[in-house]
Ligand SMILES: Cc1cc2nc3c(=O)[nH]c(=O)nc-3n(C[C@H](O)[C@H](O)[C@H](O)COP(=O)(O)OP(=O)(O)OC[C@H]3O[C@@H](n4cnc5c(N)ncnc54)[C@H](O)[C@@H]3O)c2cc1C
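First, one chain by itself: the form predicted on its own, in structure tokens.
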Amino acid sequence: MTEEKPAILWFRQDLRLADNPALQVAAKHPFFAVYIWDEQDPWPPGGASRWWLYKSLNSLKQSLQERRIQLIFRKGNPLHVLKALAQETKACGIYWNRCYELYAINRDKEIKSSFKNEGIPCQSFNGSLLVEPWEIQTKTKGPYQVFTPFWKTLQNLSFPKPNPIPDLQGWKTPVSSEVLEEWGLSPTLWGQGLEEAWQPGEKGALERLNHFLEEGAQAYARKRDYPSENGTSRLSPYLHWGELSPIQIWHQASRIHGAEALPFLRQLGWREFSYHLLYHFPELPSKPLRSSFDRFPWEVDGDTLKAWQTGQTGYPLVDAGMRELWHTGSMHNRVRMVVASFLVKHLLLPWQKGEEWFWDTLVDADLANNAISWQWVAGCGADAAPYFRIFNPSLQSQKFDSEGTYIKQWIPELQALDSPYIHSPWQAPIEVLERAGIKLGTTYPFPIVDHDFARKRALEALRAL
């Protein structure tokens, strides 16, 4: 008896089995799965993301193997790879979940068109968002550019319940695969800190979600701004890689906490808003939404950029955040805003430089979130922060890390310096610094820019626009 022709399930940023729409349809046939390293992608994963991807793919491969499903790995142009696989296996159809970057949209259209000519059905699905970017419009039938009305509209929608893992039937004929370990995805720079901080994969995602909903969700609104508290969900990398779907999070959080979950779910709303903007304004990762910022007088000082990247600015909260990022591949949300504001408004360095650094160092580096959030801080994007909002790092530190707990965790050379001077060591009397074993300019840097001078300079530049 001839074996039924297989379906091909193409994994992308949906590395899970539960609530996976493409998997639901592929599972109606015997199937095998493929992950393709797209060598033409203009935004390939950065270093920390590659580490996560390697771990997540291994986890996914194990989950599929337990169900006798093949996950194969191929590098190259996805159209060429899929054509070769379809020809080799005489596939009956190809299924995947959508991505929303312009490159991915155009690539997928080309793939669908090519296979349509060959009589092989291709179907794509929404496996990453609560709602497709084109399904929400303003009253004038255009895209939203302000978050609050977008969020109000989103809240009034109903979303389907997440689908459980269906019965799976793997295609029995072996399909050749490249060796994942030979792709060189695991970086040497971040390994140890990332290993300590994260458990990539669908199992780790579900454990993290359950832990947050049981232990942290009720206090989220109260604790989320304090970096020394364990107050955030830490779900963003799992969402980016699709180890959890936003539908799963929305329904589970709503079921357990009802209206109390809304401050947390609002963050899901911001993610949806980011994808809404990226779809309608696809050049956002490289160009400001407000074209007047094309004329902004950015600085080009490489030394200050390096100091920011390495956590050597002389402003403890900024430096703590940048060191946390380097060690763990993540940074507390409140501190992200402070370090981003510092780069673009204190140092007058282009927001794209910060976007590039975050892209390489964040395990949750997400093109939509990263671009839209940097533009928000810089004041050049949709619903942007007002130009006159320039965070004072010392005051932010006093407000959200009053005892310096977070700072001391990431800046050991300031361990013996207590509040209030830990927020601005350059203001401490010399005898206080000596008792703490600190020699400014040697053991810890002087501020690389004066706050009052930087604020005045930034306001002048911004007003000129």
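One rule holds for the numbers: they count along the sequence shown, beginning at 1. For clarity, every value in this text was computed on a predicted model and none was experimentally measured.
Although it is not shown, the form predicted together with the named molecule is what the next lines describe.
Exactly one of the stretches 293-301, 97-105, 337-345, 115-123 approaches the named molecule in the predicted bound form with heavy atoms within 4.5 Å, and it is 337-345. Contact check for Ala365: a heavy atom falls within 4.5 Å of the named molecule in the predicted bound form. Although the partner is absent here, Asn333 is a contact residue: one of its heavy atoms lies within 4.5 angstroms of the named molecule in the predicted bound form. The named molecule is not shown here, and in the predicted bound form it never comes within 4.5 Å of any heavy atom of Leu244.
At a distance threshold of 4.5 angstroms between non-hydrogen atoms, Ser128 is out of contact with the named molecule in the predicted bound form.
Highlighted residues Leu235, Leu239 and Gln267: every one comes within 4.5 Å of the named molecule in the predicted bound form, counting any heavy atom. Site annotation in the predicted bound form: the residue of Lys353, Arg271, Arg74, Arg323 reaching within 4.5 Å of the named molecule with a heavy atom is Arg271. A heavy atom within 4.5 Å of the named molecule in the predicted bound form is found for one listed residue only; from Phe281, Trp250, Tyr226, Tyr220, this is Tyr220. In the predicted bound form, no residue of 433-465 lies within 4.5 Å of the named molecule by any heavy atom.
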